[in-house]
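Provided below as structure tokens are two forms of one protein chain, presented individually as structure 1 and structure 2.
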Structure 1
């Protein structure tokens, strides 16, 4: 029987769906007789608090115009008294951009251990324990929070838990006040939306994705040829975009575009969680990679282990021949 708090993330006027995955994790950790609470911050969030109260036993609603924009630095100040009051055995956040911004500082201020980017959570005796991916996903690490009686925090990887269905809990909504000393140190200037690209890859049925394996910009030509033969659009992993070889609108992943193709051909891509997180709708995934141990082969349907400079032209030629 444990008390678990989930810190909800919001996107403008809506809740981030990830909060319902955290609800699943929180219920499992709380166990029978345990209670799960949520905290939500923002301005004019009455509706969001009510939505959360259908799944959580208690909802702490921090509603204040100074919280209008999510701010990891300021939100930590707002939440600290709630955590410092004690009583939570575990505090969960999504390992997304807000969690990365908020959790480390909050954990230090609250004096709580923090398990980052967990794929799984459980209790090891009285201590929160979890499994996380390290070394680019090639290895998993089992980690345990030190026992100290303070409770522990964890950030949870998106998709690690199935989202809880619509709840019927009728939880209590508590209006939470900001601490008197609340003084946000970040001044938001403007929020920028990603620029739309020439090709809207969210609509593409076939995608050829190119990763760091192409090594230089010339490698792009090779992959363009394959995309043309397949009648596919070209997209990329983040490093290719960071180098300026393709526009940001071509980046697939958690910090890029979410795509729903029927066919996804990944060329020279290792298959990081952040990249794969942008691929929805269970496409047929083909991987071409020279590393047999690359995590991409754990998610692809079919793959060729080999050097892309040989495999890609050969595949293009074979497809062209097939078309006759």
Structure 2
């Protein structure tokens, strides 16, 4: 039986939704008869612990005012005794701000090899193995943690796993104490919040994506209208982001973010494996491209061959007409 621990990330008083993606990964790794646990750190987190207990078998709640602000160094100090005595075969974190800050130092202190930014996880014998993108997403590398008796740690890219549904587990909540020598060495000065209007596309159900085929920013404005008509969020392939037309947070692909929409409209996107590798969950794909040989048509449910300057306004008008 495998024992897997998920370190939950929170945004203020709310759990990051990525923790339920990690729950899916943890359940798969634990297998039948295995157990999955979660650790959550903060101040006044009783409600968060209870929420986690509906999906995890056990929840370790580190509730202390000194943990009010997430801090990789202080959180590592708090978690180290749990990892030392817990006997976990795998420890999972989201590959986000906290995971990037926390995982490297914690893995060294705990003596656990770290697999970073994984798109997939499985067991290779008794060792944790995963798949990660390297060389800017041009190559998918299979990596295996060194064998040992301390387990292994992994950070997981957002969207790589489908989030677990509503839990029915009546998990146990354990009040976890900080070690007596706990002494944070860093003091947070301020927290920078995303600007109003920024969208987390990993949570979007409808996306309209733009690629190098739009040619200029005028094409981008056309596509914005289509996205508004569909009630969709805008995203892009790497060339559009490299030109500075959209922020890096909008980039979909193995070198960007992973998304799981229900509808994906690709405008001027060729459909390279680097881009398509960031799309999970079998969405309904609509492709618009003037190149009838573009690879995107091989995976599209609906393909439209034509110039976007003609197709996109016509499609937007038809949608608005249907909406009445």
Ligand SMILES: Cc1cc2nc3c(=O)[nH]c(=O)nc-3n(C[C@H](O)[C@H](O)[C@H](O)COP(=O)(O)OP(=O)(O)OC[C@H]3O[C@@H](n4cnc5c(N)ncnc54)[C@H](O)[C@@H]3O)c2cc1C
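Only a predicted model underlies this, so the values are computations on that prediction, with no experimental measurement involved. For the two forms, the rigid core is made up of the largest set of C-alpha atoms that agree within 1.5 Å on superposition. Residue numbers count along the first chain shown, from 1.
Q: Mark the structure, either 1 or 2, that is the form predicted together with this ligand.
A: That would be structure 1, which is the form predicted together with this ligand.
Q: If you line up the core, does residue 233 shift 2 angstroms or more at its C-alpha between the two structures?
A: It does, since the residue 233 C-alpha is displaced 2 Å or more between the two structures after the core fit.
Q: For residue 159, does the CA position differ by 2 Å or more between the two structures when the superposition is done on the rigid core?
A: False for residue 159: its C-alpha shift is below 2 Å.
Q: Rigid core superposed, CA of residue 266 - does it shift 2 Å or more between the two structures?
A: After core superposition, the displacement of the residue 266 C-alpha between the two structures reaches the 2 Å mark, so yes.
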